[in-house]
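Shown below, as structure tokens, is a lone chain in the form predicted alone; questions about how it binds or moves come after it.
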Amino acid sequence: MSVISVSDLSVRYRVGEQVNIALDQVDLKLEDGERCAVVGRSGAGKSTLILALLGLLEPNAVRAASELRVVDCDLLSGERIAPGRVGVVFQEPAQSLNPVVRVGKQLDQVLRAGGVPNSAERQRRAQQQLSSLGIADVATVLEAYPHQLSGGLAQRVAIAMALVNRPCLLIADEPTAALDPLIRASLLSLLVKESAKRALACLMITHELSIARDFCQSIAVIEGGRIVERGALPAVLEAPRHAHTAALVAADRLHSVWGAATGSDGAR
């Protein structure tokens, strides 16, 4: 079953007399349990795609599509995605975490919004989710404020908030870009395990092919607001058909060679 089904999605922003095309006739499908990377450089349309999928486009956006369904919700008809059905992780934990509310309280609020009425069950679910993401001292983290956590730990909490309601879709927007390589690899490994355990569909937004290789099974390359190539990850990377995809692959190979020659860990 498709958790994302998009056909002919176009988004234009009106700024005074000017019209800027952000997405142009995008087609995208994501099946249950599939992990797909949407890869593109800054300004390619990745952020607008996320906002369109979440029904959060700005008022000056003009949207058109033949189909725009996310987790059985028809966004074209004005339906709203139910709380907890889609989890979202951003690049910076500050985009997800309230700095003046303890972690435990924030997880409790998320679970309450997701329809878990029992306080003891909410506490159990929060503890279980943090533990499953490799957090050892769960009690201390639950009592902490976000600013008291390291960057990697804060991002694990943000991921826990996205997963704690057991969504059927996770949208991750450059979730490890601000982390060092070892923490990044650890978090990606945990996300892969969570996805496999739950048959969780994931849409990973990134500009790094290395992230796509480590996490995803399929890839959609976006450039100039259009999906220019889509397919199974190994096939696309081994034999790219579009010039932009080929350029991304060549740049990634050059970076890997440079890293090997200099002893770099490849961190960007």
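The first residue of the shown sequence is 1; numbering continues from there. Remember, predicted model here, so these are calculated numbers, not experimental data.
Just so it is clear, the following notes concern the form predicted in complex with adenosine-5'-diphosphate (ADP), a form of the same protein that is not shown.
- Across the options 230 to 238, 53 to 61, 210 to 218, 26 to 34, residues that bring heavy atoms within 4.5 Å of adenosine-5'-diphosphate (ADP) in the model of the complex belong to 53 to 61.
- When contacts are judged by a 4.5 Å heavy atom cut-off, residue 46 counts as touching adenosine-5'-diphosphate (ADP) in the model of the complex.
- A residue is said to contact a partner when one of its heavy atoms sits within 4.5 Å of a partner heavy atom; residue 42 meets this definition for adenosine-5'-diphosphate (ADP) in the model of the complex.
- In the model of the complex, none of the heavy atoms of residue 251 sits within 4.5 Å of a heavy atom of adenosine-5'-diphosphate (ADP).
- Shown alone here, residue 20 lies within 4.5 Å of adenosine-5'-diphosphate (ADP) in the model of the complex, counting heavy atoms only.
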